[in-house]
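A single chain comes next, written as structure tokens; it is the form predicted on its own.
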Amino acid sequence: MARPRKPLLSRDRIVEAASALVDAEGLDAVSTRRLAAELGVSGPSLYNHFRNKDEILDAVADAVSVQVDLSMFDESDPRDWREALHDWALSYRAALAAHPHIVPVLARGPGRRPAGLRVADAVFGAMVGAGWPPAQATRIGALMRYFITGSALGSFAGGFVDDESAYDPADYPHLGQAHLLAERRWEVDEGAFEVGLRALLDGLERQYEEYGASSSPSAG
């Protein structure tokens, strides 16, 4: 009787297995030996697809970047640059929130990752297309990445223990309600992100108006 055939090893299978490991146990859980065991193959067979662990993690990170919605940057989309940045930021953060352990890899920038480069290209192109000077469009892409990835690196509210006795009023007179933060984690963290995002976009909008005023025929 013929033995059942194992599924052929592929980049997609390796990335899927590595992604599951990262999500469940973090970056340190990923090794060629562990992945080979998860996939039921020999360790050296992985090197037919990836040279090392870093390349595997790059592929896992790029699989997350693929999940980010870029439709708001299409020329046919009616959203202006501010709405586009806002909606993109929410989509980007949602993708990172679903895969928080891979955020440190994404925070390093796109490198040679195709999906990551498509994100950078879409943001930069949309900002320049909206009238931002190229240098400022580059800075906008950078600050948005700093803000979004930074917010996804950890929970502010989750960093406070829910033990009321940890906040002695003699030492911390203003933290009497801090023990309640953990149970309100989603409300606090999501609210903070939205407040920060709106403040960031408000500041950019003022700059945008100044650029428009300075470039008008009557300026100067």
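From a predicted model like this one, the values you see are computed outputs, not experimental measurements. In this text, rigid core is short for the largest set of C-alphas that superpose within 1.5 Å between two forms. Throughout, we count residues from 1 along the sequence that is shown.
Omitted from view is the form predicted together with another copy of the chain, to which the following refers.
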Can residue 65 be called a contact residue for another copy of the chain in the model of the complex at 4.5 Å between heavy atoms? no
4.5 angstroms heavy atom contact with another copy of the chain in the model of the complex for residue 70: no
Might residue 204 be said to contact another copy of the chain in the model of the complex, defining contact as any heavy atom within 4.5 Å? yes
Heavy atoms within 4.5 Å of another copy of the chain in the model of the complex: does residue 181 have any? yes
Quick one: of 107, 90, 130, 97, which gets a non-hydrogen atom within 4.5 angstroms of another copy of the chain in the model of the complex? 107
Go through 89 to 128 residue by residue and record those having a heavy atom within 4.5 Å of another copy of the chain in the model of the complex; state none if no residue qualifies. 107, 108, 109, 110, 111, 112, 114, 117, 118, 120, 121, 124, 125
C-alpha of residue 152: shift of 2 angstroms or more between the shown form and the other one, rigid core aligned? no
After fitting the rigid core, is the C-alpha of residue 178 off by 2 Å or more between the shown form and the other one? yes
